[in-house]
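Quick heads-up: it's one chain on its own, the form predicted on its own, in structure tokens.
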Amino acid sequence: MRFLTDNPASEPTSVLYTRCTVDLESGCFLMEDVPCRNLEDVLGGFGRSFQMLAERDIQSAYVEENPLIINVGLLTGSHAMTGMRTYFSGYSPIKQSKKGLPAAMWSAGSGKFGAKLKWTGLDELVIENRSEQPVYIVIRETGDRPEVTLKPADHLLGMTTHGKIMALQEQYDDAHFAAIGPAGENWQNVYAGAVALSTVNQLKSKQDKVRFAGRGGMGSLMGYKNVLAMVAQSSDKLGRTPEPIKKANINVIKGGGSARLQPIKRGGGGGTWAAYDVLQAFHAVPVNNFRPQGNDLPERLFRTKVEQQYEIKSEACYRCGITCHNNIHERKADGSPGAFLAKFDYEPLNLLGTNLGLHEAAQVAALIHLCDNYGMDAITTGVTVSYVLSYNQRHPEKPLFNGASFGDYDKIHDLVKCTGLGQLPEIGHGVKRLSESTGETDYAYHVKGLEIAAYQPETNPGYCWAIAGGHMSMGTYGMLAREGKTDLDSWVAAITRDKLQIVGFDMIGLCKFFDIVNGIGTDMVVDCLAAEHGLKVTREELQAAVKRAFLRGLTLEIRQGYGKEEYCLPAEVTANPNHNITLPDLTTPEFLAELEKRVWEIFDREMQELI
């Protein structure tokens, strides 16, 4: 980016970002320096890409006019800790309104691909149309301007995400990679393909320790365009960390929202895995398609139980001190780590484990590994499979597919494998479409067509207004269990003002663990922007930019046909309350009706003012 001002909030057009538009049909490239329209453009990520998507009239995700936008944030590749994020945006194959129109969507991932992309000199890549033949895209640092080229990718067809990345590493030194797997290649039958992003750990160890931009099917959109991978080749651009950023990084490690994510030996909870312990205290860990049974089955996947049999290595992203990764290895006879099995984060661990009636770490690790290598969103896959199991439990006389039931690992494994290979489009198209085809939608756990994460909707009515992944674009998932908030005023304020600030991290290039509680409108981020780019931005300006970006996302949803009746929790939540959950009930019809009334009063006014 080029800064001709130190005040991007009042002079955004004096900030220019470098964009390359690739026309896959003609093979032409357009490289240009684009002036920013507002602070959202300057920050980057979905704050910029959603403004571009709003200019398109897209009736179906799989049309040539639907672009795939790959960009970074202002602090991607910076000295600020967690500044590794890459964003993939487009109209989603999986998220769809009842009118049949696709929703604008983004997905974010870490790894080192984003930093390498930024260091080539490119801030944004826009992929238009589609290629007749499989290709991969190479972005190189070449001095004054980045160079972008297309390469034939037939040799990559059918490979796993890890296989593609390893094959490309043999050809390109000092590079990082983004790749789809078989799920994305089978885009017609799999709408939730993910994009795998290479990590330093992966390239050094040759173990498939990748990171993912998983939600919304951006890997399937990439597959539709016949782009199998991307290469970002550049030298590293980081030197000595400026003192203000060093102070911010220390604060990230020792304080705020990331402290509980630190390894247990440092006094933390050991990553997101710790959510098991927190939620199980209230029997609020999803079990058997989001129906907790009030028993201790979830405790079999507590970290303390798993580490009795397996080696758990706490590891981190490149240049990050949070060390939130929990990589599970077999244990050799001498007690040392053996073969790598999977990375245990709370969402895939639950949705491919406990919520399927599986409580053995080895079985869950195998399913996570399968989803990762096929390049398939674990949340969409796990929730859709759990619906199948719930349907079969209700209809033993005429079950779906192979008749899989909760806890039947072999049949569940078969469902996941066949889905990833494109052989079960009914599952690959997500739980909304599958439940509509069976006529039993009450226990299909999605909001607005996007499967929910592993937090009981009974504990999080904020899901309804999330504009992307429910726990990543509306930070209300811990308000009841962690904060004890039950009053209507707190929930209205959280949904319409405070907790939506979490989406700011999907603009600026930082991981949410930088400060998951407060968003990007903090002194730490202000100091980082000043030290890294010489910019004068206030907390209030950052917060206002995030709010505008969120409202644009909400406005885009409504433009794509969403009615307000679709901003609701799964019907089973209110129709059949689960009394095993020992938290206060926030999902009574009366509470939800008043919440909806007050939230929409605020959002309707603010969206009108924005327009």
Partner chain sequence: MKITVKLYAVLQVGRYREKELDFPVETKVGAVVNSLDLPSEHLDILLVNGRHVDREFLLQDGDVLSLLPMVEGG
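Numbering follows the first chain given and starts at 1. Nothing here was measured: the structure is a model prediction, and the numbers come from that model.
Another form, the form predicted in complex with its partner chain, is not on view; read the next lines as being about it.
Looking at Glu347, Asp372, Glu124, Glu458 here, can you tell me which has any non-hydrogen atom within 4.5 angstroms of its partner chain in the model of the complex? It is Glu347.
Contact assignment for its partner chain in the model of the complex, among Leu157, Ile250, Leu488, Ala281, heavy atom within 4.5 Å: Looking at the other structure, the residue within range turns out to be Ala281.
Hey, of 385-393, 139-147, 400-408, 262-270, which bit sits against its partner chain in the model of the complex at 4.5 Å between non-hydrogen atoms? Single hit among the candidates: 262-270.
In the model of the complex, Pro337 touching its partner chain (heavy atom, 4.5 Å): No, Pro337 sits far enough from its partner chain in the model of the complex that none of its heavy atoms falls within 4.5 Å.
Are any of the heavy atoms in Leu583 no more than 4.5 Å from a heavy atom of its partner chain in the model of the complex? Because a heavy atom of Leu583 falls inside 4.5 Å of its partner chain in the model of the complex, the answer is yes.
Is Gly484 close enough to its partner chain in the model of the complex to count, meaning some heavy atom within 4.5 Å? Gly484: contacts its partner chain in the model of the complex.
Should Ile516 be counted as a contact of its partner chain in the model of the complex, where contact means heavy atoms within 4.5 Å? Looking in the model of the complex, residue contacts with its partner chain include Ile516, since a heavy atom lies within 4.5 Å.
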